[in-house]
Every structure is written in structure tokens, then in C-alpha cells.
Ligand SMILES: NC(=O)c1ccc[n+]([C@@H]2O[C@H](COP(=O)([O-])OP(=O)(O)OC[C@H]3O[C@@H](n4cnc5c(N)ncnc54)[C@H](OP(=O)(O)O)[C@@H]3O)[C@@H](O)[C@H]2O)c1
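Shown below, as C-alpha cells, is a lone chain in the form predicted on its own; questions about how it binds or moves come after it.
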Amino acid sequence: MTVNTSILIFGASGDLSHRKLIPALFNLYLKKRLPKDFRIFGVATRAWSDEDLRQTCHTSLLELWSEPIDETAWLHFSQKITYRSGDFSDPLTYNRFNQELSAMENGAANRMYYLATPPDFFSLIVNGLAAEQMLDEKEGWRRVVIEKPFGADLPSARGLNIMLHEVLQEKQVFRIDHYLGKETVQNILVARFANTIFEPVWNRNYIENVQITVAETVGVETRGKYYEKAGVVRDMFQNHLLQLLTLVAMEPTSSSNADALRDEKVKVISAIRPIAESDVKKHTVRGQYRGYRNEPNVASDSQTATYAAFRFFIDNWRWQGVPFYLRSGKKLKEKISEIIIQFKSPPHMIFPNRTCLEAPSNLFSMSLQPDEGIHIQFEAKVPDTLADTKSVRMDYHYRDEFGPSPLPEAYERLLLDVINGDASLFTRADQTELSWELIDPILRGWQSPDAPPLSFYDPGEWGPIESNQLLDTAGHRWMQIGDDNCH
């Protein structure tokens, strides 16, 4: 198999390309992880030159990197970058790209096609590539990487899958979710299945509830037009949060094979109890930060949710009866991505002098960002007391163990996996459709007479008060390591 590899980036003049993709490729180049013979062929509609793209990427590196740039290495790497403009709706564009790229490759070569474009272009580009036989795998592999959002609902996601499968095999399609490329997300499975102390208690017998939080302090900024169509549910829940839920809840695989992992994730999503349209008020909360309607390209009477909280149940042997609480939003108090496992309280507290009748519950936290690590909260005796107890922590921080800058960008891992043909961290067609099957009834319910009211919250809060009430009904509350957990 040839190692001669071409990386075509559609939408190369956009932020994703010059702030994420090409810097990630440069880092892989510095680590000597790219094929020896490679090239980056950036294409977009903007009338740029090779040097325009190179300089834009270099400027992004200067802005984003905390360490000095190896300018000599960048000079060599940047010569691998070519830029061409073209009309994606014109079949001659693909013919021209193919001829020029074939001349650069000078023989058999692999090709990655990265669609860093708005979703409206996905079908157009894939069919344009197919018409020029640019997806045929006669002289090397051909892989297509598709960014989120993958559809806006079940019909559109299913239609996109049908279109892709008309010209591609499923093994050629890499639906990317950058969250899965984060080291801390990959560590969820390592924490669970490489340590025997956790798995025996990772079930309904010992766990009271699971909480998954992805909070942002920023607003929609310049993305008002996109956000009005997507909202927080399409932007965050259908992909990132459901992916995290599957990693927390899935069974161990029988092998490291990509489909073995993805099969287990599909089993979890298939077992999640759907929230009926008539039950959305009982199991969901939708909110909007005050000031959102004044953002650019946002309607003055917008009903778009910038915050949401869901309560899911998984109907299987391991998780029956355990609520999974998911929340995400804009302009919240802290920027944090965290998974909290709250364990059941001891059945009886035998120690005197407790200020409350119930024993505190233990917490297990996987902090995905920004304080990356694992934290465990448990009870310890307070010295020089008869039997007073206090909640204390054991902490593991990535920076303490591996240095101040140990975590690579998510796109580094994902781009390397595409080159190596490892689809473990990418979403399969059936999982995308099952995810939309869960999300669509909620979105429809929010448009119905049974919808929960759109609740408002001030920037800098943890969302609307109704989010707390969602948990109050079951005797739970949103947790963070370090809280006073005496109920």
C-alpha cells in the first residue's frame, strides 16, 4: 500500500482550516507522524494564492501556540501547502483539481477529502468528487471526513447517509466529532476498563445518578445566524453530550476493533428511553440568556434555546432506574466540561455528631476541561473529634503527572486516525440516525402546547432556576467536586 498521501481541505480559507486543521497537521509533522510523502491541497471559493493560505495559517499559529514556533520546520512544512480556488457547483472544478493533484502525486496515492464547509455543500462536493472518479480506490484509499452538524433532524441525516452510501462504502466515511479526539474523553474508557476498582460499582446498585455538563462562558458572538437554526440541542446534545453518555454507560468491548466499540455505543443509544413529546415538560428544560435577542442576526422575539437540560433513563440491566442528567449552555458561570458520578449514600450512618441525618454520597469526577483530571470525593474522620466526618478529595491532574502542556489538540489524533484508517473515534451511520431519533421528539415537543416555557437566565449564572427544579423532583441537585454534599 502506498504511503504517498494527499490531504484535500474543502473550505480551506475558513477558520476551522487555518486555526485547527493545518496547525494540527503541522504538529503531526513536527512529531514525524505524517507519511513521508504528503501534501496539503486547500480549496475554497475565495481568490487566494498559496502564500495567502500559508501566511494566514502562520498568523494563526502565532496567535494560538503558547510555545515558540520552529520557523525552519514551518518553512519546510508550508511548502507542502497548495491553494486553489473554484466553484464547487461546477463539474470542471473537480476535473481541474484532479488533474493538478495527480501531477503532484506522480503515481499511486492515498487521498483524504476533508469537508470543512457548511453542510449545504456536503452533497455537492461528494457528488462532484464521485463524478470525476475521485472516490475510486484503485490506486490507494479514499476517505471523506464530514464535520458536524450531520443533518438537522432524522430525515436530513438519513438522506445524507443515503447520498454518501450511493458513492462511498461506510468504511470510507469519517463523521467527525472533535470531542472524541480529546485526550480526557478517550481516558473515560481507560479509567473504566483499565482499573478494576471502578467497574464493580459502575452500575445501578451503587450509582445514584450521572451528570454530564458542558458549559461555556461565551455567547453566540458572530454565530447568530447559525445558532438561530441550530440552538443548543442541535449544536451540543445530538453529538457531544450523547457521545459522552455512551462512553460512560457502554459495556466493555471484546476487542479494540473500531466496529466493536461503535457497536457498544449503538447499544447504549438504542436503550435510552425516548422522551415523548407529551413528556418534554417533565424531563427537559429550555432556557435563553438575557441579551441573546440583541445579538447580531438574532430575531428580536427569538425562541431559540441557548441552554438545555435533559433527564434520560437507560433501559438495560446495568442502568435501569439511574437518571442521566445532561446540561449545556452559553454564557454560564464557568467554562467547564465534566462528568460527575454520584454514588448512593451508605444505608445507615453509624457515627454520632452528624449535623444531618443522611450520610454524604461519594463523588467521582472526570474533568474534561479546563482542569483536566480525575477527582474522587469521599468521607474522612476529622482529627480530634469523637466521630465527625468531612468530605475530602483525591485529585489527579494531567499537568502534575505529564507536565504543563501534555494534551495535544483533538484534531491531531483524529486526522492521524483518518490517515491510519482507524474509525474508532468517528460516528457510524446508524449511530447518527439513532441520536436524531432521540432528539427529534424533544424538539417537536418544544414546539407543542406541552412545551416547557422558555426560561431566562442572566449571563454568569448556571442557567435558569427550572434546571435545578428538574433535579429537585428526584431529590438530586447539580453537583461539583468541592460542594457541601450534606443533603
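Position 1 is the first residue in the sequence shown; the rest follow in order. All values reported here derive from a predicted model rather than from experimental measurement.
What follows is about the form predicted in complex with the ligand, which we do not show.
Residue Lys148 is the only one of Lys331, Arg143, Lys148, His283 with a heavy atom lying within 4.5 Å of the ligand in the model of the complex. With the partner omitted here, the residue from Glu71, Asp87, Asp400, Glu166 that has a non-hydrogen atom within 4.5 angstroms of the ligand in the model of the complex is Asp87. Not displayed here, the ligand is approached by Ser13 to within 4.5 Å at the level of heavy atoms in the model of the complex. None of the heavy atoms of Tyr292 is located within 4.5 Å of the ligand in the model of the complex. In the model of the complex, the ligand sits within 4.5 Å of a heavy atom of His178. At the 4.5 Å threshold, heavy atoms of Ser361 stay clear of the ligand in the model of the complex, well away from it. Of the stretches 382-390, 116-124, 253-261, 185-193, only 116-124 has residues with a heavy atom within 4.5 Å of the ligand in the model of the complex.
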